Every structure is written in structure tokens, then in C-alpha cells.
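Heads up, the chain shows up twice below as C-alpha cells, two forms, tagged structure 1 and structure 2.
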Structure 1
């Protein structure tokens, strides 16, 4: 889909910002350009949509040499997201999103439908947000609108220059997770610049490590972590490679499936039967009709509530339960567990259905496998 062949770029004074860079991004994959400041990653990104022109080498999109394409037309078919978003302050959110569709002369009905579709996709109800202005949004919300605007005309390619770099860690992680969910559905071809190796490992199908304008290693995240090309890559990745590897594993891959569960309308007698001392079970998850997670019940709570078994689980269930989604990385799930002091965390799928439980023991087994 995107191919760079021996691309170089020099600025005045003969400084090589990019030096003989070659790599290919297959259709529907995310390539992350990462490296220290001044390594050439943003310059490389901007050459793809001809905001910068290469001094030498060629760039192809769908096997078409981009130097033969009108740059304005090229950019209208490539979504572009930058760190400070660049929303037009005098335009509403709907008008900001609609900029490129207007330029491409879409009709009003189609534009309105696309704006509402994207706002919904970004978790921002259209009726609430379409007529607001950028100044009325938080930084994370503005960043979502920046992504929505880049996707408005449904371009096959997205270029993203540190889109989450200015956000606080919690918002950043949330948007990273939402971004991956959207990508799972849309399968865009994406080139993404970051200075954060953790972000690169988490988001990329391929990771390009750059230094002083050169591409040092272009590989799958697992290979970058476990088979660094040289000492620079090893140092840049850091000493905690084992923990970083947990970003490559999703909770559904290592969770204990089919954990003990009770219907919320079950009786205390049924709970005690499941949580008998002979069974070794001290707790059970509580679910609804569609196995949606409702909370947690412990054996001691049932005994304290009604030893005769007349009480209902609905009356004594602990509904204040932290959960993680099935596609959450094990690294992020472990962070949640440590933050809340949990020895286990339920794993939920679509509609909040209970699918499994992640425990420290299951994480230890993963770490042992990685280190072996």
C-alpha cells in the first residue's frame, strides 16, 4: 500500500534529516515510526503526503509514484492527524469534521450522516457535540475530533504525527485503546509517529526505529523487543523488555476461562453450595441473564448475610467491581490490578459478558514463558 525506496531529505546546510530510508506498509496495517527527537520520523511522515518533497528516492501509494500525482489531490485522499489537532476555532465540530467532504463536493445529506457516524464512533453523541466549538471540548475530545476529521472522507491511508503526545496518561491510554478498536473494524493503512516506545509496541503491526535520519530496524514489535538490531535499539527499548512484551498479549489469550459464576437471582443456599469449604472456592462472579457481569460475591459475605440461605444474591452482591475488556493488553490489565490492589480481575467481552478472570498466577505463567 505504501512503499518508500531509498528516500532521503536534506535541509539547507547539508543536514540529512532522512538518509536512504526504505520500508513498506501493507494494506490495513499500522507502521509506527519511533526514535529520539530529530531522528527524521516526522520528516519521513510528511514526505508521504508531499508536505515535504524527497531530495532523492521514491514513494509509492498503491504502486503509484506520488511525485506524479497532484499534491492537493493526494492529500485529499490521505487523512492527516497532528499532535495539536489544528481544529478551526471559528467552526463547529460538525463543520470541522466536514472540511474535506465539502472540498470533495459531497452533498449535504451525505456529509451530515458521515459527521454523525464519526461522532458516534468516537463516543461523542452527535446531538450533544455536533454544534459545539473546539474551545468547549477537553484536550482528549479535541483529539478525537482531529481523528474524526482525518477519517471524514473515508481515506484508505491515515498519517498520524504524535496524535496522543500532549494528553495526560489516563486519557492517552483510553484513546489508544479506542484507536485499536476502530482500526480493528476499519483496517486503515496507518503511518504513526511517536517518541514513546511503549506506545509503538502497543499500537504497531510493525515498528520502525530511527536514529539520525536512518532506519535502524523495521520489524514486528516482538522482534524489536527480543531481537534488537544493535545496541542503540536495545538501549532505546530499555531493560524492561519482559514487561513491555506484555503489551503484545491480550487478556483473552491467558485468562482462566469459565470462572465460577452465580445468577444474580440465585439464593444464598445456592451460593453456599458453590462456595463450600470442600470446593475450595471463596468467591464467585455474579451475572445476569445474558451472563453480563453484575458483581462479586464472597463466601464470608453470604454466611454473614443469612446462614439459613434465605437471602438473595441480589441483596448482598458487591457491585463495585473493576473489570477489563478481553482485548486489553496484559500489561494494562496488570496496571489496573496493581492500582486497585487486586489479586484477580474479571475479563468481559461484548455487552459486558463475563468471559474469564485474569490472576497474578496466570500473568506469572506468561512471564515465565517469555523469559524461557
Structure 2
């Protein structure tokens, strides 16, 4: 748990970088600090691990006033992802990740295991990346290592300063999704800085909107979207609020469950009975024994094939289908559908099992619900 009480900070030269800011992040939740450049996000973050001392106000971590504890000890128990990464260029990737475990005097074996575990978690095969240097990585990989380093000693609290800044939208999207998955398991208490409102809405349990050192609104993402505290927040959140809300909804919440499905070993005759013109069904998903998605079959394909003899589904199935995972945001699923020109996408769960189908129609219903 992190709690700020009336915290202020002025730099030399007089700017009130942070002005009377109070908020609380419950254990296991993500609070996102968002706002225009220079509004005091980084300064707020740095006061939590005492890189900066507040001029006034108090900061508590797990109900302990941080000004009463040794800053070195405090920092070693708070993971810190630095804006612009801040990896140490003279250390290998493994050494970078191992810095805090090393400071905490873990034994060699435990450190090595932890490094490999984190690299694997970040999707970077340890054997390939362990001994590289930061300059031998891409920007996105460096950012992942920055996150891995912060998590190395498994601190209960993470401070992340624009960890996915300066990335192309696709990589950013992917890292965000990985991040959410990891967080679902680890349940860290996180303060996360970004200046991207979309990222804030997607990742935050709470969103703190800052402006010129002041905290304007601290609320759940849906509240920020639907009840902006003032003109500034409304502006910052933007006009396409309805569209943004799609980031708050996961596909499994709106998909049509129980879509038409056929076993891959089924015969053309079984397919035709499912896809008979009387049923109005024009297509069916093809699945294996464990309902794992194999492909798509359309009525006209079956009809064509059937004319030429006793065809098997396995021979005529179209295996080239795009699917989305069940906890993809509707916004991401929609852009997937638009970019492939699809009117529907199958939704898959663990092991690629077919769980449902997302259609424009179901999305339209959601939009109508949000707008009303």
C-alpha cells in the first residue's frame, strides 16, 4: 500500500513541481499517473523512493512513514523502472537484472536462476540474451530488461516511469498485454507514469490525472471517462470517449458464446446438416478433440466439395484464420478485425480452445450500451 498525504515539492527556481497531492494505492493495484509533459509525474514518483524529498506532506509505504526509514533499504524493496530505461551500459543483461539481488547478497545460484526466470518471462530466451550488452538490444528489449531489473528481487512495490514510452504502437501494445498478464499473477502494488491516456485507461485500476503539479482527478478509468472532474480532464481524455471505453472491456465479456462448431473429423454430410439453408448458418468453426480451434468452414465450400464426391472436413477446412485471445480488449480486437477486413473473429482461451465469436454486431451493442 502506498499513500501520499498533501505532498508538495518545489525545485530551486520556484516552480511548484508537485502541489498538495494526496492519493492512496491499495495493495495489489495499479495507479497510473498521467498528464501533460512537466506536470510533475516523475517528481511524484521519485518522492516515493526518496530520490527527492518532499518539501511538505508525508508518504507512507505499508503504513510506515518513509521519511523515518533508511532510504537505501527503502529503495531496495521498491522496484524502479527509470524513464528512458537507464540500464547500465557496462554490464551484461544478466548483470543488469542481477543488480539488486546482488546488493541483497543473494547467492550466485539463486541469482542465476532468477535472471533466467525473468528473461523467460520477458520472452527473451536466456541463452541468447544473458551475455549481451544493452547496446546490443533493440529499444523494446531494453525496456523489457528495465522492467525485469525492477522486478528482480521480487519487491512488493513497483514504480514505473514511462516503461513503454518511445516504442512503436504494436510493440507497446504487446508489452502492455504481457504486463497485464504478469500483474494478474504477481499482484504488485504499482505506480505507473505515462503521458498516454489510452495506456492509463487500459492498464490502471485507478488513474491519477495531473496538471501543473496538482492532482485533478483520481478515479477508476471508467469514472474518468464517464465523469471527468472538469474541462481539462474531459479535454485530456478526448472526444472519442466511447471508443476509448472499448479498452476497458475484454472480448470474453461481449462475445457470443457457443458459436457453431464442427469436429475436424466430421463428414461433409454432418457439415451440411449444420449449415443447411434452413438453419441460416453460413459458416462453422472447426475444432479438434479438446475444442481447440483448427479453422473455419463455409457452406459454399462444403457444397462445392460435396459435388465432387465424399469429402472430409479435414480436407476442405480453411486453417488460415485470425483469432483473438479471450482477454484482449475489445478495442484491440476491433482494430484486428478492421485491419484484416473481418466481420467476425473467433475468441480463444487457454490452449487455443474456441470460446466464442466476436462480431461487429456484438461490438455495436456494447457501444450502444456505453452511450446510453
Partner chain sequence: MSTFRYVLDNLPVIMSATARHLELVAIALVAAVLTAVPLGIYITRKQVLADIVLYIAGVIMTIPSVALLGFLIPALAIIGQGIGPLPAIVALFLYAQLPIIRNTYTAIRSVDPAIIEAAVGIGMTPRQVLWRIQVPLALPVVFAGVRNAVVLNIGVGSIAALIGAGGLGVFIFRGIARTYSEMIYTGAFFVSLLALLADFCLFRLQRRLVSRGLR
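Positions refer to the first chain, counted from 1. Computed from a predicted model, the values in this text were never measured in an experiment. For clarity, a rigid core is taken as the largest C-alpha set superposing within 1.5 Å between two forms.
Student: Structure 1 or 2: which one is the form predicted in complex with its partner chain?
Tutor: It is the second structure (the form predicted in complex with its partner chain) rather than the first.
Student: C-alpha of residue 95: shift of 2 angstroms or more between the two structures, rigid core aligned?
Tutor: Yes, the C-alpha moves 2 Å or more.
Student: Return yes or no for residue 171: a CA shift of at least 2 Å between the two structures, with the rigid core superposed?
Tutor: The answer is no; the displacement is under 2 Å.
Student: On a rigid core superposition, would residue 138 pass a 2 Å threshold for CA movement between the two structures?
Tutor: Passes the 2 Å threshold, so yes.
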